[in-house]
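This text opens with one protein chain seen in two forms, each one given by itself as structure tokens under the names structure 1 and structure 2.
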Structure 1
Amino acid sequence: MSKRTGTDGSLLTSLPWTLGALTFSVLPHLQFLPIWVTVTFLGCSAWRMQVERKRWRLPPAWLRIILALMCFIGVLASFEAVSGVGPGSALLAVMAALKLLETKQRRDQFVLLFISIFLIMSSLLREQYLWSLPYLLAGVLFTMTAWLRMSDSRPVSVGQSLRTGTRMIAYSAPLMIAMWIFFPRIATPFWAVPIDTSSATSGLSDRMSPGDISSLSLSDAVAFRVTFDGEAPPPSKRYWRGLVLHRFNGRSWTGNDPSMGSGARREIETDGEPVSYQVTLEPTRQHWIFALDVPYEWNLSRTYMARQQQLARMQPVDQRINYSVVSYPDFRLSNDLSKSTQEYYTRIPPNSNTRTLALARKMRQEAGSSEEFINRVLRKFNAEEYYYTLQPPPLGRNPVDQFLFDSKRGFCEHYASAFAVMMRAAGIPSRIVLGYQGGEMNPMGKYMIVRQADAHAWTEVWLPGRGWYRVDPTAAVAPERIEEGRYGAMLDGIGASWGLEAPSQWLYRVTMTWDAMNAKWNEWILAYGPDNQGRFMEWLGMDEPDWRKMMLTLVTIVVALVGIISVLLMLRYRPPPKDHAARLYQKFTRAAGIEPEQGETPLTYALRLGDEKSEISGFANEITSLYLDARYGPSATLPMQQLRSAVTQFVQRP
């Protein structure tokens, strides 16, 4: 008889569940994985299923080793690294695919389900949107159902397995919630996981090079959300200050690394009414904290005001944060500026953009005053054929010259750079501020949404007696950009042009409702960091909460919850109580002095009892007959009464 070399088909019932759980766990990663990883995963899954159906042999070890080595090299070549969310997800996917090719028994599938759980959880490292919660619950339930389908040797229905998995999740939910609330949050994580940033969108960086940019993509990704204590300022005053650039090399503008400015706050002269608001800032991996120009008070820990009145944090913003700010839209900065500082803010490389320098100096001489010169430059942008566009032509070695005299097309960075260079050429100190301008009110949530598409650059100039003040040259060219925001200016009227007035209004309401739900998700769940946890603990009555108090509270609550859950499980799975007839029969056997043997029927026991104690043989036969009638008969009322009377008479016999 030949020895079987193929599989035995024993996994045909459980393998589809394992493959389904793995596929479900890979779904969120597909858009970030190289196509060859997806093809490998699907190919190995189909291969393994066919092996089980056809009773083929599994691939030999040497082939699996070669495939594993090739996949490892492929991940390294695709990502140029093997650490991080992207490479890690790819390695987990190919690991699951190759593990399928050596799966022989059901216990091997447990390893695959562990990998499935890791893939589900690793998707949260990349994004934690509102839809992540139902996906997480569905993925865990799917995996647990597959686990139960493999583990249970009895033939149970799919619905029963789903109900069992749901109960297990429900039992664990209180423990998860307690640990999420009370486990001490720290400002700096124990480790950092590199997150993929392969997709480019509009936004901010610490360098501005308008000449190098030939197009700028629109992105509706949220930069931050703002809730005002009162009325929101008008669009013309919605300038969200970020970082300040003050060094110009002829092509690019750069600034300093964030450093604390001890006198920066004292240089602010406020005017008018303050604006109080709360900001929920998305992770930026930068030090800058955005606030309405100009911030004056804030409550975010480890945050300071840098030298040029921008807020910065000591560590990069690598998680969503909430903070409150008080700003003064009407202000003056640094009324006094030393001679050396004025010279610093008027530096220009001497051999760059020569046409711009010559034009600026000529216009300054003709203007007669700095104020008139500034107005003439703005009128030049407004009256001549300059256009605001997100797809300007690329510029060469002298980008400001080519922009002002040749292309005349650009977005905010082009106009801010050209204006600042002309100011410096005329001896007027100038610098560029990067941040956001505008914002869209969400009527569903009563808050403002500032998107990446609202990224903006403007200029600040300094004049004696007036100090630093904002001049936005983009407003002279495209005032709708300031009044409606970049996103609104570019997309306004698109729905109407397609004949979608009513559907677009409905879609707008749906979009705003979804964003309001996301805002609450961010506020209550994702932004639950050290600061929010501390405030919540104080609200619960914990004075000066620290990690020791929270750990003690967590341990106490977890122990109490485990005890409650244990009691519930004991009550649920306790053995069923004996019926009244069984209790009477047990009372009879104890009074007889001979215990029934395991598996012995009442009739057999009565016969044995009659042999060993003939004097109670009559009682034994009578009580056994009444017991069977009371326990299994059609009407148990009369036999039950007779059984009770017979047992009582037997127990009380002399």
Structure 2
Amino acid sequence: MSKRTGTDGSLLTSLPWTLGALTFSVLPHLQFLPIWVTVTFLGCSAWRMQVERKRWRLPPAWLRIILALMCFIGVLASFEAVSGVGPGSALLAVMAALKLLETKQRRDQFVLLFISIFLIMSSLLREQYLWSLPYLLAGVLFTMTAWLRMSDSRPVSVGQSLRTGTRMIAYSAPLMIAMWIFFPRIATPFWAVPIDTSSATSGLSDRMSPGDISSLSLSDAVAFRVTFDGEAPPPSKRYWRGLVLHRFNGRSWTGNDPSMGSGARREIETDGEPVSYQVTLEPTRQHWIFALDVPYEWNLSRTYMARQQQLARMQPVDQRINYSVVSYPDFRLSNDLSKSTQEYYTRIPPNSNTRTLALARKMRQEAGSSEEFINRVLRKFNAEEYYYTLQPPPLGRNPVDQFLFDSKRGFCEHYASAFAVMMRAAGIPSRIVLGYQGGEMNPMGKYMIVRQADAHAWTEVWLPGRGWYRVDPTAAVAPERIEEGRYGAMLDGIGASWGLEAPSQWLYRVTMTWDAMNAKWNEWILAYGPDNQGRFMEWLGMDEPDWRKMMLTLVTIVVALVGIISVLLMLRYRPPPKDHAARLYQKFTRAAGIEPEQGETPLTYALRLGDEKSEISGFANEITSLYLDARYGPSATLPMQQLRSAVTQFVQRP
């Protein structure tokens, strides 16, 4: 049996490029993949590099097969699937890493560069942030540069490969843009890749238990952005209605599944001026649509108003959506409530939170009227030692009791829950509204950002003759939270207890500018779906755009662009630049009137010239000899000067 020899080190210069390109493309995936994928990738890269440096042997086939099987089983174990973005990218990453272990020649590296490009593109299936595009372009450029360096037989400087790569990408950019504009978009494409559902998005959930919202309050993620047609409403009116919870089991609140509530809209009595605005909602994977309390008109398809005036869409919000709404911040709801409905909204489990129930009933009796009772409860929150904090102590089986009498520390959900329970105990119909409160105007983009941290819970109580109306018990404890928004509260020192620093002015501006850019990105690039495409096509003058017309346009444009770019390239083509002496010599041959033939040396040319035009043979010999010295000799300066004057003399001869 022949002993296998080690590597010859011939890949030592190209291997770092391959590894670089792979790292570039794997990087955006790693945070979503199990840690062992990263370890495998790094391990194989380091191993391969070391093999090349130390001239070791590559691992034998049986070992590679075992490793590949192990990786496959690993992916299967980690994801319990082989299809989808997660397992797919994990498989690609580990297989690329293993491919390194059998990379012997340039051709294998080309395969790896192909995989790199594929991996870079597949990262778009995960996220499409503003920085994704530059990152993607940089990744493609790096891979191209690596490619060029490996395919060029001549030694080329890195800068030169980079320039060539950039030029190639620049030439293909118009095609890219044309494809993006005209490639027909379908609402639910049949090629849709299953979206990674394991990565949870933050947002409100369908139920509310203590601690749910406070966990959100740490998230700076954007929930939605709002552009107002006129002035934005004052902070105290920025209640973004989401879902309504009305069933209480002693510990947590739940609501109905989204369903159409007939007549829910008719219960609204509008008052005052309407506010009209557009919302760009980040995906929530839920049905609820957020709108300023209370929404009255909206333009989102397959969206209806549910029983408690909350908006819901038939399909969950899996992608970022855009909609416009007209809301009435001043409103009245359902003056009439039947006895049975009133009874429904006052249901509480009788055997839990008994201390609260007793307290509520006692206070109700002392207060005399329902209004007075509500005021007293709010005053109790305000005057007594209740604190608004993000880190409330954990609560046990009777959370309301524990919160009201023992811990006295809580976040909006604790106050809303306690308040609603006390109302119900006193026989006043009440429910909890989940949504967002506040939102900050972005001075850079003239729109409002509402973040997950603005998630809020408040209550609605029903009084005869007044209907449902909003009572926010949190306002009684931390009025700054409502009046000034989250940032104001933080700046006011309450924030200090949250462990967050007040943002400095420039940081604030940078953040806001970045968000404004993101908003534009979302609005112009990511929101370009079937609707926007259709509208754009109509604007371009296409009647009744459908995919056939768009495809036809696309093909026409691509053919035209390829033609134009090719012609431009042909026009731009110049023979490689010649040096100074060569240019002067060319001037001479042109002036002589006889072109040198292909492969004809200057000396032969000078002889031919002397034969054919004997009158210039003196010039020809002199110039040729000077040219040869200037171009091929060791010192060019002197012959160069003489050549210049000789050629000038020749050209200007009578």
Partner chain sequence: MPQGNTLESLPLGGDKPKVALDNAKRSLNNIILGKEAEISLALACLLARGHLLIEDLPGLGKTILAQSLARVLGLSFQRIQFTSDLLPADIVGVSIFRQETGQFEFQPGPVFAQLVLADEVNRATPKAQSALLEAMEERQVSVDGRTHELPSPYFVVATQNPSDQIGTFPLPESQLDRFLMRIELGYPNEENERALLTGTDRREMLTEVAPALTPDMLAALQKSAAKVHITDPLIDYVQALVRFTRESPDIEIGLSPRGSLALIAAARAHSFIEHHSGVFPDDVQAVFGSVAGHRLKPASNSAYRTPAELSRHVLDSVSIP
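Here, a residue number simply tells you its place in the sequence of structure 1, counted from 1. Here the rigid core means the biggest group of C-alpha atoms that line up within 1.5 Å when the two forms are laid on top of each other. Just so you know, these numbers come straight off a predicted model, no measurement behind them.
query: Two forms of the same chain appear here; which of them is the form predicted on its own?
result: Structure 1 is the matching one, since it is the form predicted on its own.
task: Take the rigid core as the frame of reference and indicate whether the C-alpha of R548 shifts by 2 Å or more between structure 1 and structure 2.
output: Yes, because once the rigid core is superposed, the C-alpha of R548 moves 2 Å or more between structure 1 and structure 2.
query: Does the C-alpha of I115 move 2 Å or more between structure 1 and structure 2 once the rigid core is lined up?
result: After core superposition, the displacement of the I115 C-alpha between structure 1 and structure 2 reaches the 2 Å mark, so yes.
message: Quick check on F405: with the core superposed, does its CA move 2 angstroms or more between structure 1 and structure 2?
response: F405 C-alpha, core-superposed: shift of less than 2 Å.
task: Give the C-alpha shift of I565 between structure 1 and structure 2, in Å, after superposing the two forms on their rigid core.
output: Comparing the two forms, I565 shifts 5.9 Å at C-alpha.
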